[in-house]
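Heads up, the chain below is alone and in the form predicted on its own; it's given as structure tokens.
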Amino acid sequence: MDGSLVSRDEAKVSVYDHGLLYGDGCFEGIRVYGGRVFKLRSHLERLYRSADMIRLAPAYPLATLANAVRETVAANGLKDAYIRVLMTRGVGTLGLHPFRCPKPGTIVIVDAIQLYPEELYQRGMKVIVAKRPRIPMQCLDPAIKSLNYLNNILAKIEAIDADVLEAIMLNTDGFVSECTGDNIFAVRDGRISTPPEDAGILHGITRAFVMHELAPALGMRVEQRPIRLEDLYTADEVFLTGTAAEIIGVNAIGDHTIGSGGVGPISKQLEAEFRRRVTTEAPED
């Protein structure tokens, strides 16, 4: 926290921090595989872009924060872990004014994580379609990975109420955007597609890894195009990607069974290639 290693019990945030008061800040979730920080530079570059978009001046250069991440991983003694890096606006007044917070806060957390049960990776997971739409890009650009996740959380509550773990969110034009915490892909007749960035999605690091590295390595191509719910319902396969989720197949969307009702072959190939790469030598760039 702000340049010092502290224990979980000693880690405290001021009640006057605008990250707490208003969700004014940004964050990244990053994975560690075999002691290597997966896509560390890509994640931190996205974090610094988010900070720039909300006019938050980082307290440290990117290289310094990268070293702090590695130091925190080493201090926890974990070879496989989850990292949460946060930048908050910092301590200020009770008013909204962001520039009355003289010093931004910087936090690095390293811990274990398991987002979904292992059996769901084998047989696929059921999801629903949230009634709550994605906030329009004109109101809050989803390229900003901000500390205010209430839009996603309310959609997540819909999923929990339906006894599933994830929900698909549509944008206000009725097109598929993303899930509450994951990007989404569809496969039909061997062709892989995913919503474009202007559908109101987070520019996912794992999404980009699938599109530009994993799929081409397997002789596959991913197309970005507008996707409607009907495209998902009639797809041969649907899968989700995310830092915590990695790659996981979807076997049903509400009452609609996807494909054969299991994890499809292309989803399995991509997941296997992902697993091979991160367990042999997870790329840090």
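The first residue of the sequence shown is number 1, and the count goes up from there. Please read all numbers here as calculations on a predicted model, not as lab measurements.
As for the form predicted together with a small molecule, it is not shown, yet the points below apply to it.
Contact with the small molecule in the model of the complex, defined as a heavy atom within 4.5 Å, is made by all three of 43, 180 and 204. The stretch that touches the small molecule in the model of the complex, counting heavy atoms within 4.5 Å, is 238 to 246, out of 254 to 262, 50 to 58, 221 to 229, 238 to 246. Proximity to the small molecule in the model of the complex, taken as a non-hydrogen atom within 4.5 angstroms, holds for one residue of 171, 193, 152, 72, which is 152. The small molecule is not shown here, and in the model of the complex it never comes within 4.5 Å of any heavy atom of residue 126. Though the partner is left out of this view, residue 145 does reach within 4.5 Å of the small molecule in the model of the complex, counting heavy atoms only.
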